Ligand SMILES: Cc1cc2nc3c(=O)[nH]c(=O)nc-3n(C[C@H](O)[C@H](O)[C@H](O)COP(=O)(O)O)c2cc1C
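A single chain, nothing else alongside it, follows as structure tokens in the form predicted on its own.
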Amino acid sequence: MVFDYVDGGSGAEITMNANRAAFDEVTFRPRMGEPPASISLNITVLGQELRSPLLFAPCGLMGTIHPDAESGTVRVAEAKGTIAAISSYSSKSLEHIAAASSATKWFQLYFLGGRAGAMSLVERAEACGYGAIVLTLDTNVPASRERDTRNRVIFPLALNLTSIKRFGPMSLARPLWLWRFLRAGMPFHVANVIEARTLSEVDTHASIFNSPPGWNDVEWIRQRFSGKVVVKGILTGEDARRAVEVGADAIIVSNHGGRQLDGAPATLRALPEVVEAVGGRVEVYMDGGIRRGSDIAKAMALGARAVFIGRPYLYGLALAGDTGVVAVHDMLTAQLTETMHLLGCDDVRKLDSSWLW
């Protein structure tokens, strides 16, 4: 059930699979005869110098994957000179995660508890030093995720006799996972709600759909948060221009990893339209389908300032905690470095469409 929750998408998983397939349709135009002496992966994101263009996407309920979950991920981000974004649905509170690392972290915002709840979360993120609020706009209603339906995973998750009968047999078949999960106190709850008196009575699953955010909320957040505001879930030039108009500092081209609107375009396909629409006025990032270092190079050549990964680092986390996250990051950046050598390009900041067919 946990694997399917991470690995699966919505509907027939058309968009999820399209995210991956889109990279296979793009090929390189390498330059020969001037082999690079060294490769630079350094970039700047919202004015911050990073050693890697590979960022960690916000993912919910990570405590079901590994007890260390978000805390381990932000420690890896600090060690690798990059950024991790933390979900509103984190398994530990945003305060607990902030204390695990002194590096810049971003906070992804759902309107848990409506606008009042969102205000509480923004104020807490401000107090803990999060550098950006990532406002997700593509989750107006819950999408049908058929693997979860088949496994009878029903939100909000609850520990009761019914769920024990439902999930007990498959849990017993995974003794290492079950032992870790029990030892950690069964962290399937939404800590940012449970540990806050102002939100503790909120039906978390229903509340994000009762009052989903809109364009006017970007300016509303800007008035209450001193850091940057990043808008996530953009797939069209029209929405990209609107994000710029309402004051977003950056855009994440994203279809929620193929977990919301099935039939939405692959993010790599949507990326060039969004980049052209904003015309350099804001930074553009993307997620969805990245599985190799060469994928990072393709996305950056099509205009992404940086990329986010989700499932890949969750697989590493499930296997070996933060050590697994390190392994995934290092594998992808090593592959990216190799790709740059073979392309004949010494700096990821030089990548543009001239390096692609």
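Values in this document were obtained by computation on a predicted structure and should not be read as measured data. When you see a residue number, it is the position in the sequence shown, counting from 1.
This next part talks about the form predicted in complex with this ligand, which is not shown.
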When you measure heavy atoms, are Gln108, Thr136 and Pro312 every one within 4.5 angstroms of this ligand in the model of the complex?
yes
Candidate from Lys80, His256, Lys92, Lys228 lying within 4.5 Å of this ligand in the model of the complex - any heavy atom:
His256
Only one of 296 to 304, 34 to 42, 54 to 62, 320 to 328 gets a heavy atom within 4.5 Å of this ligand in the model of the complex; which is it?
54 to 62
Would you please decide whether Val6 lies within 4.5 angstroms of this ligand in the model of the complex, comparing each non-hydrogen atom pair?
yes
Any non-hydrogen atom of Arg292 within 4.5 angstroms of this ligand in the model of the complex:
no
Given that this ligand is not shown alongside this chain, does Ser87 nevertheless sit within 4.5 Å of it in the model of the complex, heavy atom to heavy atom?
yes
Across 216 to 243, which residues bring a heavy atom to within 4.5 Å of this ligand in the model of the complex?
Lys232
